[in-house]
Structure formats: structure tokens, C-alpha cells
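To begin, one chain is listed below as C-alpha cells, in the form predicted alone.
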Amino acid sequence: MTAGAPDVLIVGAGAVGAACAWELSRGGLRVSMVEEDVVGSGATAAGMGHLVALDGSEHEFALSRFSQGLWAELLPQMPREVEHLQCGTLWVAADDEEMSEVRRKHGYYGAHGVSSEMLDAKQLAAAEPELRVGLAGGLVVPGDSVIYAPAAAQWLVERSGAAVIRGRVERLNGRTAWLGDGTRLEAGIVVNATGARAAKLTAGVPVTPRKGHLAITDRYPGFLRHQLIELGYMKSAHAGGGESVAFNAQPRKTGQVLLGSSRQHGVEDAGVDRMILSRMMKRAVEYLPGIGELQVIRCWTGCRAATPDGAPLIGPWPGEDGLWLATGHEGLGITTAPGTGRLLADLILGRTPCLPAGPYLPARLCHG
């Protein structure tokens, strides 16, 4: 390692990379970052910023719930540009079958210390008057919230004191990163936190892109009160391939409404797919008829980083001494960024891990 090289070089300054920089610097390490765009760009700028405890699996719940606790410590320190809104999540059940999922989620959350309340059809209509008539009910999780993630990532990087190098990394090899202009960067440890691009920089990393669309309206204060998600959303989120859309609508502190979501497996083209966007908006109107009367002012896309088993890759990459991963979070990168940073720092610094590390270690998906 060359003289003056940092202890850690993080490639990628999205929410996950920023949280890693924050935790590693707090652990006493000298941290630098490389980012080809601005801090908080990429998938972070294309995410909804929903801070949610999800129960798709035990490891998903553990990391998202632990991260929520870390966000609760950080958010009071953050500036108003982060636009934190404690709106809660309302999981919407369309029929009796989905109401059985409401009861299951309510029981799971209760057993794991998460407050939630079941709503019948009448209570659902009172909670969100813009929802269509005829829905079966829902589940409110008041502890969930939303943020503007790029501003949070910027704050974490600034507070970490990490030096940010502007450039596009084209190759990683252990403790060395090469930029497109030929510049060579060295560090004691290199962290690949480039999301869906991770496999292009580190051969064999089991991460594939899942493209998603978002649309945002003009300002309509009071139109929505909660983050709304259809119960079928998790089926879409964990679909193995192909294309899917699901109803996902979020109130912003600005008074705007942010709409998702779509998934296109293996698609990296950044252009807006009019067919997918049309399906996504049609799905939103099925749940919120009035949304069709609101003016949409912007649509954009981003790529989530998906792994074969749905869990992120946090830890050393086998076979390349000095290379670590913090990627593969799919649609939960913003929620789980603080927990990822803490777990990575614990492992690098030799501390007792904040969570059992096994479900997240990259070695679990390496064969042979």
C-alpha cells in the first residue's frame, strides 16, 4: 500500500456507501470514497426513501428493524432537507385472502415488538378517504416513515469526513481500484458498494439489476396520509424474473405524491419504458381513483441490486484479500443502510457483530 493511502476506500457514495463511511470513520479508520456522479445518486436517488421493517424473512426483518433504530438516532441530527415524514405504512388488503395476510403480519409484528393496528373496510376508508370503495381492510404500522435519501447520504458523507474522489471505477482487484482515466487508487481495504454495478467490478459477485420506475406529482397537500402499499407488493418484490408492477404511493413532506413501483429483471437501460409506466399508473388508479386527476411532473428510473436469495452481501469477498462487499439490497438499500454500515464496520474492526453475520456474508453464495 502506498504512503498516505486511506485505511478504507469505498466505491460508491449512495446511501449504503455513505452509511459505511460514517460507521467506519466513527471506528477510527481513515476513509476515502469514489463516486462517478454526486453523493446520493444512482439507486439512492431512484428510491422511495421508505424506512420500513419488512418481514419477508427473519434476516430481512432483523436488518431492517435494527436499521430503523439507527435511523431513529440519526434523523434528529439531520437537516430539514432530509424531509423526514412520520407517516407510517398502511398495507392495503383488496379481499378476504389478503386480510388473512394482514392478520399474519399483525401477529408477526406484535411478536417482534413492532406496533401495528388492523383496520376493517370502514376504518380503512376513514384512514385514507382517497382509496377506492370496496377494499377489505388493511394494517397500519405507525413507526415507519419516509425520507429524501440523497440528502441523508450527503449528510452522512460530510459528517464522516471521508474524502470524495470524483471518477468512474472500471476495475477492482483486492486493495486496488482503477479509474477510467488510468488513475490507480490503493487502500488497506476496498469496499464495493456500487449496487447493481457490483458484478461488473468484481467478477462472480451474484448481483443482477432490477430496473424500477417512479413518478412524482405536483404538490397536493393532504391527498395522502400514509405510505400505501398493496399486500401483493411482496409477491412482486420477490418475483424471480420478468416484469411486474404493484401499487405503492407515498406522501412527501413537500405535499407531492411519489408513485411506484415496477420491476424489470436484468434490464439496465435507464430510459423510461412507457408500457411499464402505463401499467404502473393504471395500477395506482385502481387503488386511488383520484390520482388520475393529479398532474405528474416527472418520471425516472433506477436499478436495484438483487441477489439469488434476496439477502444483501455484507462482508469480505472470498478469494480477493482486502476486498469487501456492501451491495445486493434490492429495494431495501435506504432502509438498511445504517445497519449495513454498522455490521460492515463491526466485521472489519473485529468487534462483536451487531447482528448474526451469517445470513449476509458473501461466502454463503460462493460455490466450489
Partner chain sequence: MSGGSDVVVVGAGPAGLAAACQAAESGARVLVMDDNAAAGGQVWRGEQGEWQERFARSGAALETGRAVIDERVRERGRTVVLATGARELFLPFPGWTLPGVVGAGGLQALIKSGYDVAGKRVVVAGSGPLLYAVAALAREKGASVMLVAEQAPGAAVAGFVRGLWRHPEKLAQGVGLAMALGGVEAVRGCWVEEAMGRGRVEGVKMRCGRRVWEESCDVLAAGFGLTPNTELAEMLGCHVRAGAVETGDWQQTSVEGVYAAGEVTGIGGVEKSVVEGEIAGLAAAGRRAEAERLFGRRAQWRRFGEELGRAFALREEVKRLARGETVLCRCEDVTVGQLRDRAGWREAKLRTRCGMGACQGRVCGAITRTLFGWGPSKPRPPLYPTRFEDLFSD
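Residue numbers count along the first chain shown, from 1. All values reported here derive from a predicted model rather than from experimental measurement.
From this point on, the text means the form predicted in complex with its partner chain, which you will not see here.
Asp218 is the sole member of Glu286, Glu170, Glu186, Asp218 with a non-hydrogen atom within 4.5 Å of its partner chain in the predicted bound form. Comment: its partner chain is not present in this chain, but in the predicted bound form one of Met33, Ala306, Val39, Leu323 has a heavy atom within 4.5 Å of it, namely Val39. Contact with its partner chain in the predicted bound form, defined as any heavy atom within 4.5 Å, is confined among 201 to 209, 132 to 140, 255 to 263, 105 to 113 to 255 to 263.
The candidate site formed by Gln154, Leu277 and Glu293 is fully in contact with its partner chain in the predicted bound form, as each residue has a non-hydrogen atom within 4.5 angstroms of it. For the chain shown alone, Arg159 is not a contact residue for its partner chain in the predicted bound form, no non-hydrogen atom being within 4.5 angstroms. Residue contact check for Arg225: none of its heavy atoms lie within 4.5 Å of its partner chain in the predicted bound form. A residue is said to contact a partner when one of its heavy atoms sits within 4.5 Å of a partner heavy atom; Met281 meets this definition for its partner chain in the predicted bound form.
Within this chain, Ala72 is remote from the site of its partner chain in the predicted bound form, having no heavy atom within 4.5 Å.
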